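One chain follows as structure tokens, the form predicted alone.
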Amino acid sequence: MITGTAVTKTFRQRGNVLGRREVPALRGVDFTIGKGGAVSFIGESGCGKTTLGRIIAGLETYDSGEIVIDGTPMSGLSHRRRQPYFRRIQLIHQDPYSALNPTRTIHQTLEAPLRLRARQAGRPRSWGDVRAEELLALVGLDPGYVLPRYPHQLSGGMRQRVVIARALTMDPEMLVADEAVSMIDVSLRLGVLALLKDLRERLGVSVLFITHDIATARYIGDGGELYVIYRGQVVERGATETIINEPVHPYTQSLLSATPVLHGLERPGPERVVPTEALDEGKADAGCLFARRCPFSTSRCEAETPVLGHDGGTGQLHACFHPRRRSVVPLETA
């Protein structure tokens, strides 16, 4: 199990004449990812979901808070002692075109981590070749066809399956899929999503799915949890179906309103939720971060900061002073 408590991260950019500029990416995020579970982080671009995923995978540091893996806090360990924990968590990159070395065959790509594992476990080198074939077959590829080829000789969908196979070379307990299907053809996406779902069921690996797409989060997160992130804060959290069918936070409702595929599926009604203005990161952070864009904002929202808490007895959590289940309709297109 992996838990996070009050995780924060701020990036410091070199500014202009005003000097350095601080950009808060995460503002005290709590999360829990159980073994064999499915968790989705959703939100618009720049909300901090990718940064959080990279922190969970051990590829990014955090400023404060705590990450606990199987009961062991990471902040008290050196980089070397953290590595065995984070090795259990493997990242599936968004871009299968840049994730693979174009000068190496697929056999060479898979051989490197498998050779290391074979040496550490005292296994013969031939074990790596057999395991590479097993992993490619597991992700739905023909080893005889794929192993001798270079990445450019494979389709986008096949490359993404190779990326998944490479992640599986470490026998991970968790896969972090960061927009894992956004850069492959629409016709191939369902196959990759079905593969991730199948790996979760067959191998018992946890899947953390990072996306801005409600539909894919719903498919992958069947029976799991959904975290809605806005400007580095979790504003709503709960069972995936509960959040999608009965959102109470206006930001979640605005995301659903902008998803035409949900029309006719989510009891559309006369009340749409549309942000009143475009996102402006330069505005003050006092009060609710969504207050200036929220159509239901009051003076309290701009003065006080809501805390993530329970709504009724559903187990659903939200950070809003005026939660209400609203019928969601998609935005009209011109």
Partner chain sequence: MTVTVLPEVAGTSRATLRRNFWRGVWRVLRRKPSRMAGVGIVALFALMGAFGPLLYPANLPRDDNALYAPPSLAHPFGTDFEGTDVLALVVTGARYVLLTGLATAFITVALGTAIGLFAGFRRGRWDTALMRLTDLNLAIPGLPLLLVLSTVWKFTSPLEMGLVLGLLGWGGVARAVRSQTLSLRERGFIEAARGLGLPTRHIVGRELLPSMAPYIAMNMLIAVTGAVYAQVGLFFLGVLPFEANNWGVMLNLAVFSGGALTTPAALPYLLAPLLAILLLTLGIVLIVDAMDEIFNPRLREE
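Residue numbers count along the first chain shown, from 1. Predicted model only: the values in this text are computed from it and were never measured.
From this point on, the text means the form predicted together with the partner chain, which you will not see here.
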{"property": "Interface membership of Arg202, the partner chain in the predicted bound form, 4.5 Å heavy atom rule", "result": "no"}
{"property": "Close approach of Thr105 to the partner chain in the predicted bound form, 4.5 Å, heavy atom", "result": "yes"}
{"property": "Contact flag, Arg237 vs the partner chain in the predicted bound form, heavy atom cut 4.5 Å", "result": "no"}
{"property": "4.5 Å heavy atom contact, Tyr145 and the partner chain in the predicted bound form", "result": "yes"}
{"property": "Selected contact from His93, Arg82, Arg131, Arg231, since only one has a non-hydrogen atom within 4.5 angstroms of the partner chain in the predicted bound form", "result": "His93"}
{"property": "The unique member of Met74, Leu195, Leu100, Leu138 whose heavy atoms fall within 4.5 Å of the partner chain in the predicted bound form", "result": "Leu100"}
{"property": "Contacts with the partner chain in the predicted bound form - residues in 122-159 whose heavy atoms fall within 4.5 Å", "result": "Tyr145, Leu147, Pro148, Arg149, Tyr150, His152, Gln153"}
